[in-house]
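The data below hold one chain only, encoded as structure tokens and taken in the form predicted alone.
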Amino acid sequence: MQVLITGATGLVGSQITKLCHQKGFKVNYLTTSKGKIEDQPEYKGFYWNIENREIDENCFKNVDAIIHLAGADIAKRWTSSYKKEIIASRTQSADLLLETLKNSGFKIPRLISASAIGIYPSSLEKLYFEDDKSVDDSFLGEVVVLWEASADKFEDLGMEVAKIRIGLVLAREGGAFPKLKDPVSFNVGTAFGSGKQWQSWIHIEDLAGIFLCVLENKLSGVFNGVAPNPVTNEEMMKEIAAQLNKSIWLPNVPAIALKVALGEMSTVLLSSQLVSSDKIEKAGYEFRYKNLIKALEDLL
């Protein structure tokens, strides 16, 4: 099998690429940096410039599926200009792929697109499944709706489309986990807001495994990329502290302080999404890290 990955050099993309190679799959990848282009039998890089609508069409040769991960980091302050970049990096990159496929004549059977559980409205009680139609009224909810709509357009080419709604990714190398862990390491870790908000987390290895499960089993539709046992923010912080032999002694950071410090982006820390993993488990995926303790033992 041969796969084209956008965002292949990022946190999630690197892990998916590693897993593809373990299974003997060839990987083509698109990069905006010509210095990151490699040309190996199992790993070939191709240049694209989304703003200028440039793409090396050779990236599509012999490809069986596209895994679309490209998108600007949401963990930065959401200025009005950066909000536009967050949306454009996801939708315009997908549109460039779509437009090029239409005009090039390449026939690729399927697209697997990253998405986010931020589409679900914040709730301390409701358990969300993939068929829930309600959408959070935040900026992140808006982003995910546009993101998924750009992926759905590939169905017009006769392609099967899958979307993975990713939760809080736990990884050593980056993402949210080091930001949660580092303050605890210096004895200044604490919960955010009430601490009662649900955090539907996933170990990076399981997230990559879900993408490969969807790829290999030719699945389509929406799947939640979360582990089976979500925890509250307070439980998350206490368990990280326990693993590091540290204590949580400071009072919770008030929600108003987070809003002042981070602006609208504070919703990422304060919103609560209790999300089910049942669908991907019923599709055959077996989690390596079902419980937070095991995940943290591996990462720490």
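Source: prediction; values computed, not measured. Residues carry their position along the shown sequence, with the first being 1.
Another form, the form predicted together with a small molecule, is not on view; read the next lines as being about it.
- For the chain shown alone, residue 197 is not a contact residue for the small molecule in the predicted complex, no non-hydrogen atom being within 4.5 angstroms.
- Put simply, residue 203 is far from the small molecule in the predicted complex: not one heavy atom of it is within 4.5 Å.
- Under a 4.5 angstroms non-hydrogen atom cutoff, the small molecule in the predicted complex has residue 72 among its neighbouring residues.
- When contacts are judged by a 4.5 Å heavy atom cut-off, residue 216 does not count as touching the small molecule in the predicted complex.
- Although the small molecule is omitted here, in the predicted complex all of 10, 166 and 169 have a heavy atom within 4.5 Å of it.
- Distance criterion of 4.5 Å from any heavy atom to the small molecule in the predicted complex singles out 114 from the list 227, 114, 119, 94.
- Distance criterion of 4.5 Å from any heavy atom to the small molecule in the predicted complex singles out 50 from the list 50, 231, 65, 265.
- Heavy atoms within 4.5 Å of the small molecule in the predicted complex are found in one stretch of 255 to 263, 57 to 65, 237 to 245, 30 to 38, which is 30 to 38.
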